[in-house]
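First, one chain by itself: the form predicted on its own, in structure tokens.
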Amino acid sequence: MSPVLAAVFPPVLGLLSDAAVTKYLSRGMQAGKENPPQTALRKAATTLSEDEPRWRTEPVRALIDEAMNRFEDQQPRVDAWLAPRLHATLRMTRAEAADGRLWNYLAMLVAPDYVVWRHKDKKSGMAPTTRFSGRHDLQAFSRLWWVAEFFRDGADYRPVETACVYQDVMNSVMRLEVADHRPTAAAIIRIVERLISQKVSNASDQINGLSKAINAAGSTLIFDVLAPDQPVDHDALRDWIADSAHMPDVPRTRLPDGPDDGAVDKQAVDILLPFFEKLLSEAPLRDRSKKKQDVENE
């Protein structure tokens, strides 16, 4: 933990409104030079139930500390390691994860130092406000949980690691409505795997182009007609969440197991893959040869 931001964090997660973040987030905090006003923030927040072990902050804080130690000078690489482990530590439904107040609380009261460490802009020397409180694909912790949720294949988090190789998957694909359609997400991962194996030099541009082409091609409903997704086993998900009451901390040297709520239908993925490859071959690509963009520090 940063000496500047070292503080006694609350024992249980809570909910903190966007208005409270706007009120108390200072430029000094964004630069990692000031401590958050813990007393004021706790008064403004609503604490979650202490009776549910899954809301304990200690396992999350320990995981974040290890992430910063492991990737001390390699911030972009932390996403692939941390995303599946954060998802497996914070076990919840999509409805619960959609509440931005939870991520606000985590960023402001539990791990503001991580937000600065991971997202400090090289020019301004500050982490953008959207990394403390922002859209699901921008907020420092929400983006990690949702990339794991969108791209996992049932209990298998290996596709999540692939999704985190190129930041454009998180910066572009996660914004799409169709990212919620599991065969679409899996087909995109198959293409990313091909780009990696072929060591394509402009892979980021291709992912961006594919993302725009898929967005223009249709809605989730259309893709679900082309390649129907299998129903998720909600009972298995509930069991996985309930198991958090007596599960040890997630493993550090191997991937954890996600909820065994059903694998993605491979036949549906095979239907979409040639369609997406065609979209990619026809998609206009951005020319970033004159000016490289550092999307890591947005």
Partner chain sequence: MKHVFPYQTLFDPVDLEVVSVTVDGRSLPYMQISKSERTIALHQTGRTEWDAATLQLKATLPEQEIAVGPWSDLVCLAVLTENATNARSTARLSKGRDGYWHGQIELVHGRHLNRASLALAVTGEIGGVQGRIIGATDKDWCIDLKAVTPKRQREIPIVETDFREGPEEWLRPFKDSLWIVETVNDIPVVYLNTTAVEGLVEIMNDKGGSPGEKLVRDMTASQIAQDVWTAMFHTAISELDLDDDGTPVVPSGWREPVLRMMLPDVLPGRQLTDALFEINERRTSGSGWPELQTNIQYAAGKRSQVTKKLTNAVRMVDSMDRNGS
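Please read all numbers here as calculations on a predicted model, not as lab measurements. Numbering follows the first chain given and starts at 1.
One more form of this protein, predicted together with its partner chain, exists but is not displayed; see below.
Proximity of residue 89 to its partner chain in the predicted bound form falls outside the 4.5 Å heavy atom cutoff. Although the partner is absent here, residue 278 lies well away from its partner chain in the predicted bound form, with no heavy atom inside 4.5 Å. Not displayed here, its partner chain is approached by residue 234 to within 4.5 Å at the level of heavy atoms in the predicted bound form. Contact between residue 220 and its partner chain in the predicted bound form is found at the 4.5 Å heavy atom cutoff.
180 is the sole member of 161, 180, 156, 121 with a non-hydrogen atom within 4.5 Å of its partner chain in the predicted bound form. In summary, the region of this chain contacting its partner chain in the predicted bound form, judged by heavy atoms within 4.5 Å and restricted to 196-204, 222-230, 121-129, 69-77, corresponds to 222-230. The three residues 19, 150 and 175 all sit with a heavy atom within 4.5 Å of its partner chain in the predicted bound form. If you take 136-164 and check each residue for a heavy atom within 4.5 Å of its partner chain in the predicted bound form, you get 136, 146, 150, in sequence order. Relative to the displayed conformation, the Cα-Cα distance from residue 280 to residue 221 shrinks by 3 Å or more in the predicted bound form.
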